[in-house]
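Here you get one chain, nothing else, as structure tokens; it is the form predicted on its own.
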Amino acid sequence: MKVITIVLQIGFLYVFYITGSLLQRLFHLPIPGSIIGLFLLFIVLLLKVFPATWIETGSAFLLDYLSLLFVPATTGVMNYFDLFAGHTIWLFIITMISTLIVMIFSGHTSRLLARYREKRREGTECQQSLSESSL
């Protein structure tokens, strides 16, 4: 039963990918269709059109095998080895700087989301205590 759930949830995620790709081709957008689909999924989850539990197991499965999904991209880079040859130090510097930027951005984002969650939790606790005291 769990396998069927995972397949259905990955299929549901795939619908967003296809939708994003179609929108990208239809409107000739410079953003990849996969990113548009991801943004659409984010909006749908943000507006609570459907609960996150509908994709939770499937997305966790994909995240477990995420490193395996990078193998084709890594082997594709080997086709352009001559383009990268001789630029080792610059590639190293760019990789370190971009990794640092991603780490800083991710840290600030998670801190912001944790504060938002805490304020939201405090607000619901305050409302509960007010409703209990009025009884």
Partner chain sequence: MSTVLIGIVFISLTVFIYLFMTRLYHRFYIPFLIPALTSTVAVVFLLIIMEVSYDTYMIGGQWIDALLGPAIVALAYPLYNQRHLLLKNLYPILGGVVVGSLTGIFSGLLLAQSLGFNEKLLFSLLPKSVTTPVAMQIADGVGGLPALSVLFVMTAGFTGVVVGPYILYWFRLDSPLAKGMAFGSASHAIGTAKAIEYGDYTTSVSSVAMTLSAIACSVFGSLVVLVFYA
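Keep in mind that what you see is a predicted model, and the values were worked out from it rather than measured. Numbering follows the first chain given and starts at 1. Rigid core: the largest C-alpha set superposing within 1.5 Å between the two forms.
Below, we refer to the form predicted in complex with its partner chain, which is not included among the displayed structures.
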Fill in: Residue contact check: Y65 to its partner chain in the predicted bound form, 4.5 Å heavy atom
yes
Discussion item. I'd like to check something about F27: if you look in the predicted bound form, is any of its heavy atoms closer than or equal to 4.5 Å to a heavy atom of its partner chain?
Written reply: no
Discussion item. With a cut-off of 4.5 Å between heavy atoms, is V77 one of the residues that contacts its partner chain in the predicted bound form?
Written reply: yes
Worksheet item: Any of the heavy atoms of L22 lying within 4.5 Å of its partner chain in the predicted bound form?
Response: no
Worksheet item: Quick one: which residues from 45 to 73 get a non-hydrogen atom within 4.5 Å of its partner chain in the predicted bound form?
Response: L45, L46, K48, A52, I55, E56, S59, L62, L63, D64, Y65, L66, S67, L68, L69, F70, V71, P72, A73
Worksheet entry | Threshold 2 Å Cα movement between this form and the one not shown for R25, core superposed | no
